[in-house]
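Quick setup: one chain, the form predicted alone, written in structure tokens, and binding and motion questions come after.
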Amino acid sequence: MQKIILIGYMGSGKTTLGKKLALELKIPFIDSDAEIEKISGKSIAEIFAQDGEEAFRKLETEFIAGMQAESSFVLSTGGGMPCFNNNIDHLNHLGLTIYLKNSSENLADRLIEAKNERPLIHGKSKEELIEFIEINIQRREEYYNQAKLILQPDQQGIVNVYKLVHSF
């Protein structure tokens, strides 16, 4: 029974690494944002626009509660999920939390090139994006740093993460 939860800022590589890790471990991969979209019948952008961020954060908390019944998975969370409604405590209770730490510049480079539209950063220039990321990471780091494992960018390769998960 393995429950691995990847947390970190948007664009940190949670989904990419999560899919690879789940494949290696032969357990299901779950993307919380994709699941919330299925459950609600709306895109994340629609939830934010129509219902507001608070409603979205409530859906995230309800989603975590529903994960208790699952036996094994790799879960990629939305970037803000650990930072609201005591979710970091719920996630730490649920399984092995891993924070994928990255620099603001690296995250901005990834997000500028992203194919997915992200409601919190829509329309920002690279400079505005870096500033936005820095401000948000300052607020969110206190939650991210409560993860059971904190990985620097050079530690986030699949081979290393696989070994860490097995040794934890």
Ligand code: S3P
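Worth saying up front: this structure is predicted, and the values here are computed from it rather than measured. Note that residue numbering begins at 1 and tracks the sequence as displayed.
The discussion below concerns the form predicted in complex with the named molecule, not included here.
Participant: Okay, which stretch from 96-104, 22-30, 55-63, 122-130 lines the named molecule in the predicted complex, with non-hydrogen atoms inside 4.5 Å?
Facilitator: In the other structure, the partner sits against 55-63.
Participant: Report yes if any heavy atom of residue 143 sits within 4.5 Å of a heavy atom of the named molecule in the predicted complex; otherwise report no.
Facilitator: Output for residue 143 is no: heavy atoms all beyond 4.5 Å of the named molecule.
Participant: Does the 4.5 Å heavy atom contact test between residue 44 and the named molecule in the predicted complex come out positive?
Facilitator: Residue 44: contacts the named molecule in the predicted complex.
Participant: Just checking whether residue 17 would be counted as a contact of the named molecule in the predicted complex - the rule being heavy atoms within 4.5 angstroms.
Facilitator: So residue 17 does not count as contacting the named molecule.
Participant: Contact between residue 110 and the named molecule in the predicted complex at 4.5 Å, heavy atoms?
Facilitator: Looking in the predicted complex, residue contacts with the named molecule do not include residue 110, since no heavy atom lies within 4.5 Å.
Participant: Output the sequence-ordered list of residues from 72-105 with at least one heavy atom within 4.5 Å of the named molecule in the predicted complex.
Facilitator: Counting only heavy atoms within 4.5 Å of the named molecule in the predicted complex, the contacting residues of 72-105 are 77, 78, 79, 80.
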